[in-house]
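A single chain, nothing else alongside it, follows as structure tokens in the form predicted on its own.
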């Protein structure tokens, strides 16, 4: 297959009218791609007795230093109890620092420590390498199309959170 060219099963087809079989293939491809995308960080985290919830928390705290626990709850879509369990271990292990809000003392703002930033860098480097290789193989048109598909699949609230994060707005 030439670089940036769609697989034979998709070429010369009107992609606005996909068959159930083509959609099933896309769903399965996404499933296996996600397994590959998470495999490297999973291996790194398993040595630390951490899981994907820890990875997600570290990732988003790094992307938005000072984010509140409530904001992180909204982004991750987990229960407060679940997030508190994850944050407790990250704080106890010296990867995350929780600071009381200046304007609202009830708020807790989250920051990665130097050790937390190093872990996040290691995890993200593994994922960036995989994404870089896949994007290079797929070509620039596929990269833009992939991003459009992912954004179109997001629920309205998640697209809003994604756009804010992408644009670096609080």
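Only a predicted model underlies this, so the values are computations on that prediction, with no experimental measurement involved. Residue numbers count along the first chain shown, from 1.
The form predicted in complex with the DNA is left out here; the points below concern that form.
- Every residue of the trio 80, 103 and 108 has some heavy atom no more than 4.5 Å from the DNA in the predicted complex.
- The closest non-hydrogen atom of residue 63 lies beyond 4.5 Å of the DNA in the predicted complex.
- Contact between residue 68 and the DNA in the predicted complex is found at the 4.5 Å heavy atom cutoff.
- At a distance threshold of 4.5 angstroms between non-hydrogen atoms, residue 53 is in contact with the DNA in the predicted complex.
- Stretch 54 to 62 is the contacting one of 115 to 123, 54 to 62, 22 to 30, 128 to 136, since its residues have non-hydrogen atoms within 4.5 Å of the DNA in the predicted complex.
- The partner is not shown here, and in the predicted complex the stretch 123 to 158 never reaches within 4.5 angstroms of the DNA through any heavy atom.
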